Structures are given as structure tokens and as C-alpha cells.
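Only one chain is given next, in C-alpha cells, and it is the form predicted alone.
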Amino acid sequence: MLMMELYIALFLLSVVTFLSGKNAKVYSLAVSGAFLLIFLFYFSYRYWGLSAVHGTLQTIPISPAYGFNFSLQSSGLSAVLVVIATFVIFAAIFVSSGNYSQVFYGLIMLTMSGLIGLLLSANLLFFYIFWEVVLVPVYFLIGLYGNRRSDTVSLKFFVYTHIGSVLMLLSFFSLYTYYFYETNGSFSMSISSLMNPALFETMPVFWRGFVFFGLFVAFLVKLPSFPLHSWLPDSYETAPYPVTIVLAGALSIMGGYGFFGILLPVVKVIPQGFLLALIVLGIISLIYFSLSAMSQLSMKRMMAYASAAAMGFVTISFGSGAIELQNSFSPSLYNLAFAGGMYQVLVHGLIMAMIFSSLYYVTKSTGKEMIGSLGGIFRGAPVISSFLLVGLLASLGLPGMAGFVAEFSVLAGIYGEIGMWILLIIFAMLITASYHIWMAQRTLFGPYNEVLGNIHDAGASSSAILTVMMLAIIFLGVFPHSVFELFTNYASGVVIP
């Protein structure tokens, strides 16, 4: 029961943050840092070098007769994402100014508890509950601590994500009632019971499509994907930097995990029309968000669109890999596509956390966030500038960094399905490279903008957290094998050819 005890302790300690007073930041750092190390060693011990798909199921009965049980179970995918999500939350707390109240840090810690509960949940009811637990504190973080238009932007975030949540809940209860009345004659909300290909194959076409539609919308909102994305740039721009780090580095994991953690076991029975729509939306997202990023005047808003564009690889990999599976392609091909998409979810969170952390220090040093107000800041702040440059190069997919491994794996895995349409993805990648390089040239290099005066560089503490992020990105780019093999084993283990 160790994992169950760990999670309950984390949740209770997160709630205590609201009572921690002036020491809220130190307390939050201590708790999130301690659990980061615990999760890292616990999951490394269970999964390092192993091909196990799922860990031991741990359950606290609540209403067994109706299938309502608080159940936790890790997998090779969720274990890695839990570690990354905890690290991103730790980094967001670390870079915060310390002037926030205990309510601010309590909301962030509650977000972390909900996210980890979601990743480990083995019961669809609690998966939904944790999904909502994440939504509520982020709404207040944007509304209470955001800058201009925070009320409107936070409401927009809430409406978008809650509509997706309602559709997801309807999908879950459709499965729940159908499973009870038509199959076993008993209630169950277990993910392993309801996300079962045999169950879906017995369902009427309409209800099967209804379930998949609801889940797709919920997960696409969270990625986000075109055209369900309009909450993202406003939320990223309005939220304070620590919350933006949480949004970009941690909450984006939710949509990706929805596809690979919830839908992957039933991928063989998803209608191909849905999968083709995913591929099309992914390609549109890549191109549209990249073109949108090029036109932005704010560094923060530009990288918000860059974040959304990067998640286009997730939907493309899932849709293409699923069609390859259904059309009896080689398992090595569709497993490569799936593993590449999972790797993109992982490294995207890490890369975006580093970029927005670096942008925070740039803004703190210069007092400017608009690209046109900067210029040549490498002269006055070489350390901050170097970290931001590394983050930008990782985001555009430079070989030797984690982003390249994810994107190359996706491209190699999906080519058999989409053929020459891959040229559209490559076109979007060229646009991505261009605006990343343009932003670096315009803000970091060139003539120094003397209006900025004397700016200060990163201190020891800020350099330390950025160094850890940079080393992790490089390590995952140079030595991806251990984690990538874990994802490949997970994909091959949960998918029935």
C-alpha cells in the first residue's frame, strides 16, 4: 500500500499549505522537493530497465456494489509523467518571487495533488474528480493573481475546460451504465474493465461514437488542439509566470495522458474517421499555431503558441499509430509512433518549463516582455540569455536535445501511414525553427537596447534550477533509450494487435 499512503500524505500536506503562513514558499518547496525525490526513487526502483506495463493495483473500497473505489495503479507511462509533473511544480514554486500568500502556494500544491492523482487513478470516477481538482485551483490562480483581464480570462479557461470535462463524464457514465445493463450485470468504474476493446465491440455504433467524441473533445481541449485552443494564449499571457510554468509544463500532460493512458488500450476499435480527424487537426495545429507565433509581439504569447504547436505531434502520432495498428502495419512501426508521442508529452513539459522560467528571469531583469523592447541582452545578462537560448533550441528540435528525439520518432513512425503529407509537418517545423531563431536574434543578440540601462544577470539559485532543467533536456536527448524503451514496452503491452 506504499503508493496509496504516499498519495494520501501528499494530499494532506498540500492542504496544510493553506495554513503555513509566511513560510508557505519554503514549506511548498520542501514538500514538493521531498515527493519529487520519493517518486523518482520509487518509480525508478519499480520500472528502471523493466518491461512491466502496470504496477500493483491498490484500492480503498468506497461503494464496491456500485463500482466506486479509490484505486491507484502506476504504469511505465504514468510513473515518468508523475516525476516530470512534480518537478515542473517544484520549479514553478522555486522561481516565484516569494511575495505571494499561502493561498497562492496552497492552490499550486492542490493542483499538483490533483494532477498526480489523475495520473495514478485506476478508476474513471476518480480520474474525473482529479481532473476537476486540477481545474478549480488553476481557475483561481489565474483569476486572483493574473494581470489585466484576469477575471475574463480565468472564466474563459474554466468554461472551455469544464465543457470538455462534462463531455468526458457523460462518456464515462455511458460506459458505466452500458457495462452494467448489457454485459456483466454489475457496476464497475475500473479503467481496466471499461476501457476494454471487447466491451466497445458490443456497443451500438452511435454510443461508441458518442463515448469517443466526448473523450476526444476533453483531451483536445487540454492539449490544446485547433480549434479548441483559444483559452490558451490568453491564459498563458495573463497568468503570473509561476502559473504559466504550471500551465505549459504540467497541465499539458493531462491531454497527452488522456490519449495514451486512457484511450490506448481501446485504440483498435476507435473509428478511423475519428483518427483521421486527429491527424488533420494535428497538422492544422502545427501550421496554424506556428504561423500565429510568428506574428506575436510578446515573448510570452509567442511561446504559448509554440507550446500548442508542439502538442500537435501528440495527436498526429496517436491517430497515425492507431490507423497503422488497425491496418496491420508492423508493430515496430506503430509502437514507434505511440512511443514518440508519449516522449513528446514528457519532453514538452520539461522544455516549456525551462523556457518560461528563463523568460521570467529575463522579464525580471529587464522589466520588458515585448520583443521589440529588448535587444542584445546577452551583453548584460549572458547567463540568463544562454539558458533561454538552450530552451529555444530544444523547442525547435535541435539534434542532441530531447525535443529532437520525440519529433524524429513521431515522423519515422507515422510516415508509413501519411506518406507525402509529412511534407506539411516538415513545413511547419521550418516555420517553428524560423520564429525561434528570430526571437533569439531579436532579443538576445544584435545591438544592445540602451533604453534598458544596466540589467542584472541570474543569481546562483536561478542558475541552479535552470541548470537542472538544461541537463535533463540534454540527457533525454543524448541518452533517450531507458525512458523510450519504457514507453515502447508500455505501448506494446497495452495494445492488442
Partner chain sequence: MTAVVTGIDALQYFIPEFILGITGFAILAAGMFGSSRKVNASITFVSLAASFVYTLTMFNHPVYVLSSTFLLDNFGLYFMLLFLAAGMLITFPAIINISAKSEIFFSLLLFTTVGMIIAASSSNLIVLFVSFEAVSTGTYVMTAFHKTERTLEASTKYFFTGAVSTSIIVLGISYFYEATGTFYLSPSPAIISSGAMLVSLILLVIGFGFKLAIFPMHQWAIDTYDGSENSVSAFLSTGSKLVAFMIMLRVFVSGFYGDANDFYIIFTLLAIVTMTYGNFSALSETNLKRLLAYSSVAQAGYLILVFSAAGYAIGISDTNLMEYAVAAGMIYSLVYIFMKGGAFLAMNLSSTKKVDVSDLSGLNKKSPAAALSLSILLLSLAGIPFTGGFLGKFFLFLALIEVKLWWLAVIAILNSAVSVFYYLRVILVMYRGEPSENIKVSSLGVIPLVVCAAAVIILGVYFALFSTVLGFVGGLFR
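Numbering follows the first chain given and starts at 1. Quick caveat: nothing in here was measured; it's all calculated off a predicted structure.
Not on display, but discussed next: the form predicted in complex with its partner chain.
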Query raised in the report: Which residue among Ser298, Gln326, Ser365, Ser174 has a heavy atom within 4.5 angstroms of its partner chain in the model of the complex?
Result: Ser174
Report summary line: None of Leu276, Val166, Leu199, Met370 but one has a heavy atom within 4.5 Å of its partner chain in the model of the complex; the exception is Val166
**Report entry** Options 345-353, 132-140, 83-91, 190-198; stretch whose heavy atom lies within 4.5 Å of its partner chain in the model of the complex
**Finding:** 132-140
**Report entry** 4.5 Å heavy atom contact, His162 to its partner chain in the model of the complex
**Finding:** yes
Query raised in the report: Counting only non-hydrogen atoms and a 4.5 angstroms cut-off, does Leu72 reach its partner chain in the model of the complex?
Result: no
Requested in this report: Report yes if any heavy atom of Ser154 sits within 4.5 Å of a heavy atom of its partner chain in the model of the complex; otherwise report no.
Outcome: yes
Report task. With heavy atoms only and a cut-off of 4.5 Å, decide whether Phe104 touches its partner chain in the model of the complex. Result -> no
Query raised in the report: Each of Phe68, Leu170 and Tyr178 near its partner chain in the model of the complex, meaning some heavy atom within 4.5 Å?
Result: yes
